[in-house]
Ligand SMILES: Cc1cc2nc3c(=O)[nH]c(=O)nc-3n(C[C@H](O)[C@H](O)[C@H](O)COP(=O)(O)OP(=O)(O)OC[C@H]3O[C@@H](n4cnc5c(N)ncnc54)[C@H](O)[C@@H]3O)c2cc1C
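Encoded as structure tokens, the following chain is the form predicted on its own, with no partner shown.
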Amino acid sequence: MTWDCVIVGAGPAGLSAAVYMGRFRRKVLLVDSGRGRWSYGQRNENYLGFPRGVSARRLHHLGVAQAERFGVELCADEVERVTHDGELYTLTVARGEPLRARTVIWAAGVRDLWPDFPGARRLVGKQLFWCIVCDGWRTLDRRVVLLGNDDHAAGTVLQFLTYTPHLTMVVDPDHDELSARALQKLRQDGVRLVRGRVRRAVVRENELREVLLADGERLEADLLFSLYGSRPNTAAIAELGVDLARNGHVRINEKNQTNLETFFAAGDVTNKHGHQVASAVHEGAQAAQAANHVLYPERQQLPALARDG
């Protein structure tokens, strides 16, 4: 089977694209590994239309049902390699047969870099967060421990002063890249700076109580933030020659089209990423509209009129 469009990634960007492509009556397959940010279980409180917030998993469930309503098929698998023969894309997946597609929308997201202490991943979305835009509001007047090793992380720590003065930044001494300027600024604005590695997070009655360091120091905390960043999921498209920005994200134009006419990208994997559900939904819609346009056969296109003279 040749699909009109294979969409990779079932986060907000991929699901948004799938809904649009399904409504365009295209033959669409949505492939998802099940390990995207939608799977963490955090609650989104800044997405319009949900005054009490909505969990990422619930939003995913609703999006899947909406896409299926318009005929989109779903496949639980991981895309390992994408190639192009000049006409069709071939997507090699981990468990199934290779997929063939006329267009691709790459919404594979990013891989977050989490702390490596035991049980860290189980805390994500509950006691451990990564995004100040999404979850800074949670920290109002609370004790927050933030993990980061460079000036970019330090800049984000300073932004948390909007919400609380009770900030402790933990820097791993083996990966310390803080500049003297950043150190001075943190101390000047009352941020406590600690060098060490997290050994364990103590949670009682579903609340974070303290963070234990490898040297035995105990840090009282109500919330924990990882500021280690993320890496875009682009390894599978390395052979395509898709243009990447300096930070490794897929470079797109205003229509979410890459340098390849029939290959599109949307969401956190793009160089215009905002790491917000609202941004991802918008990009997915843009990518789908552009992909649909290139799929029109000649009989559905009106040739441009030549200008006189």
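Note that residue numbering begins at 1 and tracks the sequence as displayed. Here the structure is a predicted model, which means the values were calculated and not measured.
Same protein, other form: the form predicted together with the named molecule, not shown, and the subject of what follows.
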- Task: Using heavy atoms and a 4.5 Å cut-off, decide whether 89, 101 and 243 all contact the named molecule in the predicted bound form.
- Result: no
- Of the residues 171, 201, 144, 79, which one places a heavy atom within 4.5 Å of the named molecule in the predicted bound form? 79
- Task: Counting non-hydrogen atoms within 4.5 angstroms of the named molecule in the predicted bound form, say which of 134, 182, 223, 213 makes the cut.
- Result: 134
- Should residue 248 be counted as a contact of the named molecule in the predicted bound form, where contact means heavy atoms within 4.5 Å? no
- Item | Interface membership of residue 160, the named molecule in the predicted bound form, 4.5 Å heavy atom rule | no
- Counting only non-hydrogen atoms and a 4.5 angstroms cut-off, does residue 43 reach the named molecule in the predicted bound form? yes
- Task: Verify the contact flag for residue 8: yes if a non-hydrogen atom of it lies within 4.5 Å of a non-hydrogen atom of the named molecule in the predicted bound form, no if not.
- Result: yes
- Query: Where, among 182-190, 202-210, 104-112, 160-168, do residues come within 4.5 Å of the named molecule in the predicted bound form by heavy atom distance?
  - Reply: 104-112
- Query: So which bits of 4-38 sit within 4.5 Å of the named molecule in the predicted bound form, heavy atoms only?
  - Reply: 8, 9, 10, 11, 12, 13, 14, 31, 32, 33, 34, 35, 36, 37, 38
